[in-house]
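Here we start with a single chain on its own, the form predicted alone, put down as structure tokens.
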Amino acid sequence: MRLTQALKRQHIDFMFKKHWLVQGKRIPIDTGVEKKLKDMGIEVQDALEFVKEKREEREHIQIIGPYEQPLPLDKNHPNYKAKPCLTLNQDNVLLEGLSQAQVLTKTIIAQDKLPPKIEELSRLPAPAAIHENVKKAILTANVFDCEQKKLPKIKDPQRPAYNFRRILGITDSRRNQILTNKLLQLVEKTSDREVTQNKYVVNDVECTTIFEKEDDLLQFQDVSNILVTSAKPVQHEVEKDIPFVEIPSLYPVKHTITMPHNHFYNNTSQYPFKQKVQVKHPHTTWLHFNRTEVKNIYGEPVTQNQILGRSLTHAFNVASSYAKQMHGEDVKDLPEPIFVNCIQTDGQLYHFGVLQLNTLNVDGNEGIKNVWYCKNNMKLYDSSRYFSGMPVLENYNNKVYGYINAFYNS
């Protein structure tokens, strides 16, 4: 039978909808009962008003929930201060990158130079089985993990309005977490028992340091994705007769640019371990660079120079918060240097650095300065992906594992 307009009018679903529409708008018919009851002196009440519960004033009871509700950020907040504090946190980067970090921390740089002990340990050959396990760890983090989440949108500069198909896969934070933990586990397996027993490994610990520089109150807030602590402070024998990159001039840019003002902060620095803990001395801090989390406040892509500056400020944060716990909040020139090893990675590129903290008096460019020894842009591999249905790892660099092992055993 051919469908026609007349046939469609008789469709049962159409009829049911129309019937429901009519029945839903029915108006109650006045039967006259209410008038007769009033004539007989019987009071008539609305049923809805009769069943409505009368509210009584009761004593307010504070219900304890799963967590305390945060206090409103106003002038009554206990951490409110009238003087603003310029804050650099883990999700932000400095506009001028490494040069701005030098000015903020009063640090000179030894490019492509690490302490001799680390260079010596990095050249020690590792068994072939270790490098095979490192390759498996890379493939596990980039290919074999089962996490499936929406990855960032793909953008083509030549076609900015074109929408590519969304891709599901392993997020950068997940990849970095898996790879770093597996590499550190391999290093611990091959290290001496005395070395591993005198170290702690903790994940995602926060350090905060607050200091003054030229009448500005500054604060670094950062999270060590992995912090390795030791029973004794780290000591390095460093070379003195090497060329250093001196502290540059940022004129006309001010050294606090891209650091937002914050009126809610603590006046004291915070180191994640209490002073009575024996294995509390910072040894090596791991910092992950996740492009989906670390942003530039102006919306521009994060540059390589800004990533390098992030390593320096992170190491300074860990070292200075530890120094203030040991020597007091008002310490300036330290009685002896504090060394902290730092490794930053995005899962493929590795940046190695050692900070020699000599002073917390960061005003000006004269007097005692801090020293940053670094070796940057070491690529662990070129590509780790599926190719023709097979997992492929291209151009594995075994020198990176040598430096990781040297940092742990230094």
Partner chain sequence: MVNLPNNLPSTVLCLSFKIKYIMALNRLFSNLTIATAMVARRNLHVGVVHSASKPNIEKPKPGFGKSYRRIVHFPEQYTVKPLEVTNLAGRDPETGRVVAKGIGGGIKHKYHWIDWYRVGPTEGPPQEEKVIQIIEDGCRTAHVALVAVGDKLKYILATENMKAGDIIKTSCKLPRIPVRANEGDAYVLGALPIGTIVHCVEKEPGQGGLYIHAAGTSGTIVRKQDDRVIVQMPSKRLFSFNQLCMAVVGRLSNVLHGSTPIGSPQRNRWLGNRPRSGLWQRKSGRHGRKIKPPKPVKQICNPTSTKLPPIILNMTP
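In this text, rigid core is short for the largest set of C-alphas that superpose within 1.5 Å between two forms. Numbering follows the first chain given and starts at 1. This structure is a prediction, so every number in the text was calculated from the model and none was measured.
There is also a form predicted together with its partner chain; it is not shown, and the following applies to it.
Participant: Taking its partner chain as it sits in the predicted bound form, is E300 in contact with it (heavy atom to heavy atom, 4.5 Å or less)?
Facilitator: E300: contacts its partner chain in the predicted bound form.
Participant: Is there a heavy atom of P252 lying 4.5 Å or less from a heavy atom of its partner chain in the predicted bound form?
Facilitator: Contact check for P252: yes, within 4.5 Å of its partner chain in the predicted bound form.
Participant: With the cut-off set at 4.5 Å between non-hydrogen atoms, does E53 touch its partner chain in the predicted bound form?
Facilitator: So E53 does not count as contacting its partner chain.
Participant: Report yes if any heavy atom of F387 sits within 4.5 Å of a heavy atom of its partner chain in the predicted bound form; otherwise report no.
Facilitator: Heavy-atom contact with its partner chain at 4.5 Å: absent for F387.
Participant: Would all three of I63, L73 and Y381 be in contact with its partner chain in the predicted bound form, where contact means some heavy atom lies within 4.5 Å?
Facilitator: Heavy-atom distance to its partner chain in the predicted bound form: none of the three under 4.5 Å.
Participant: Its partner chain isn't shown here, but in the predicted bound form, which of 102 to 110, 120 to 128, 155 to 163, 134 to 142 has heavy atoms within 4.5 Å of it?
Facilitator: Stretch with heavy atoms near the partner: 155 to 163.
Participant: What residues of 73 to 103, in sequence order, lie within 4.5 Å of its partner chain in the predicted bound form by heavy atom?
Facilitator: Residues within 4.5 Å: L95, E96.
Participant: Superposing on the rigid core, do we see a C-alpha displacement of 2 Å or more at D46 between the shown form and the other one?
Facilitator: Yes.
Participant: Spell out whether the Cα of K399 moves at least 2 Å between the shown form and the other one when the two forms are superposed on their rigid core.
Facilitator: No, because once the rigid core is superposed, the C-alpha of K399 moves less than 2 Å between the shown form and the other one.
Participant: Honestly, after the rigid core fit, is E34 moving at least 2 Å at Cα between the shown form and the other one?
Facilitator: Shift of 2 Å or more: yes.
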